[in-house]
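Same chain, two forms, each on its own as structure tokens: structure 1, then structure 2.
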Structure 1
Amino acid sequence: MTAYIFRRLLQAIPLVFGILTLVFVILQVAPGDPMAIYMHPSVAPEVLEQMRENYGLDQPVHIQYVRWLKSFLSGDLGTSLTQNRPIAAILAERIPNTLLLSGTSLLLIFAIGIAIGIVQAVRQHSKLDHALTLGALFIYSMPSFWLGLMLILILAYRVHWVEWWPEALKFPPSGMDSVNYDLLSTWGKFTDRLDHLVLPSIALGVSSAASVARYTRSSMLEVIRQDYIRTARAKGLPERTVILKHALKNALLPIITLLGLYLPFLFSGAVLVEVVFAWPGMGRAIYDAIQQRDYPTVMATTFVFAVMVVIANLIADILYAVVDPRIRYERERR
């Protein structure tokens, strides 16, 4: 297994550099000037040329690429053109926020998806099963950014006009903290952060939860037809124990592998969701950097996203090998 992980990491290196190269080329051919934000009648052309020289933008394209590549290899992600700050410091602030949002969404995906899948499997072909199937397909078809806008419209604005609506179900429309966050107690900060986290995590994770529900339903239906489940029922065990202890334990084995597969989708979907909810994460950072033609920031955030996706895929492969010894045996033989 260790040799397999090492080989996968080596295979990921050219993939990451290929992504960096592609992003660099796209930024170079895209219209616009990175120095456009500094162009003003009060700014002398000599100053702009000096800034181009300082950032290396006056060099040929291939030299710029080699310089940025060397800086990445040395651990220097460069300086943001718009914020004039080290990009490493910017990412250090943004990465935890994205991981918090993605981690919360991941918990929602599996908690909601597995629960719905169990209910559908136990009540197969019932009206409840058909209703949940229809609802899951409907939710799965919703784009995360559109769902986020609808959640803001309904649960952050419209509900304030309804007098009987519970105050606990009125959520902030955007941001990560309230204005008075620093003045709150420890518990107050926790609840405030939780309130701001509810809508974006639902928008990011609920469509994937519908997919997990379908996987869980299919896996549970296959397991509950096995002989050992009939034996457990014949022993007189309560149906709740049969389903949750014997059937669910084995049905979750293929579901576990979805953990690593959904992480890349969460990272990519977080870009639009963070923009919609003004969530200060990496997705918002790369969106703003693209809008402002901030080359170094776009390259650095893309690099970090690529590394996260590679790690997530590696986690998926490892989990698949852990839950299925046959796969592990085949990989060890290679």
Structure 2
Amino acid sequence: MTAYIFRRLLQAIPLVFGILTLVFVILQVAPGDPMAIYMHPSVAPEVLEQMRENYGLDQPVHIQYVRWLKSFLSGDLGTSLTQNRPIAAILAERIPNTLLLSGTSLLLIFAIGIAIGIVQAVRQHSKLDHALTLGALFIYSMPSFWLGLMLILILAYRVHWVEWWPEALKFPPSGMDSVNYDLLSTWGKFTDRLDHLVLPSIALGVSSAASVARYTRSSMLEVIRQDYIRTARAKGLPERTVILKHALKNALLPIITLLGLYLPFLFSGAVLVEVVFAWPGMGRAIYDAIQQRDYPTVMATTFVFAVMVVIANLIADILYAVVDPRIRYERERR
């Protein structure tokens, strides 16, 4: 297994570099000037030239690429053109935040999606099943940023005029924590963070949860028909055990593949959700960087995203092997 992981990681290297080179080229071809934020009559053109020189933007593109590659390979991600600080420091702040948000979302997606899928499969063709199917379709077709805005408008805004609405169901519309976060107790910090996670993780995850529910439902229905489920019942196992132990683990196999597919989707969804909810994560870093043509930051964030996607797929693969002994068996023999 270790050898397999190692080989997969090696295989990912050319892919990641391909992506980075492509992004570099796109950035150079796309119109826009990182110095345009300084556009004001009080900023003399000579000053702009000097800034370009200080940033190395006056060099020809291929030189810029080689320079960037050199420092990148030596572990230096460079300096942000707009924030004027090492990109590594920015990423160190941002990556955990995005991982927290997308991790929570992922948990939500799979916990809720699978639970609903199971209920639907077990109660196939019931009214509940049809209602959930309809609901899932409705939610699935909502764009995450729009849903985010709606959540804010309703659960963080309108409810402030509804007197009977319980305090516990009013959620903060933005940020990761309250302004007095560092003054709170450990438990207070935990609940405060959780409170702030509610709306963004729902906005980010709910449409994927709907599709996970769809997949789980059909996968469960497929599995429930299998002979080994009848075997399990013939053993006298309670239905709970039959469904949650014997059926679910098998039904999860195709769902795990989804994990690998959803992570990149989550990361890209995080861009808009982070903007809407002022969540200080990678998504916003990349969004701002692209907006402001902060080339080195775009490159670095792209790199991080690419690596995260590769790792996510690898994790999905490993999980697949953990759940399915047949795959594990093949891998070990290879």
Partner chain sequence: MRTGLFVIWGAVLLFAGCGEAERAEDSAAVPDAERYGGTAVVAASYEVNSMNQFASIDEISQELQNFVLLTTLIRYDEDLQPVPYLAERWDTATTRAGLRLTFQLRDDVSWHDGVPTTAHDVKFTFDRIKDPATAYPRASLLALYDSAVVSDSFTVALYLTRHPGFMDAWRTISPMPAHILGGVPPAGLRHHPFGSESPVGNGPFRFVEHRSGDRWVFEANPDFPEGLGGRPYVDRLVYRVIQEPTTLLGELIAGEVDVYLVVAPAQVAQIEANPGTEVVTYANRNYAFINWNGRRTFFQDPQVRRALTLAIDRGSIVEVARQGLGRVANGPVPPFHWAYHTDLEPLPYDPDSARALLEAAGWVDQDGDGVRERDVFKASFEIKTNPDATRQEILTLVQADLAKVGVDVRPRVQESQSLGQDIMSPERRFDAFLLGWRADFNLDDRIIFACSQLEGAYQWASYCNPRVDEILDRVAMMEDRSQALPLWHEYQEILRWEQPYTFLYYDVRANAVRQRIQDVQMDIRGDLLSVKNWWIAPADRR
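This structure is a prediction, so every number in the text was calculated from the model and none was measured. Counting starts at 1 and follows the sequence of structure 1. Rigid core here is just the name for the largest C-alpha set that superposes within 1.5 Å across the two forms.
Of the two forms shown, the one predicted together with its partner chain is structure 2, not structure 1.
Fitting the two forms on the rigid core leaves the C-alpha of Arg214 displaced by under 2 angstroms between the two structures. Relative to the superposed rigid core, the position of the CA of Pro60 differs between the two structures by less than 2 Å.
With a cut-off of 2 Å and the rigid core superposed, Arg94 has a Cα displacement that falls short of the cut-off between the two structures. Once the two forms are overlaid on the core, Pro45 shows a Cα shift of 4.1 Å between the two structures. For Leu314, the CA shift between the two structures after superposing the rigid core equals 2.6 Å.
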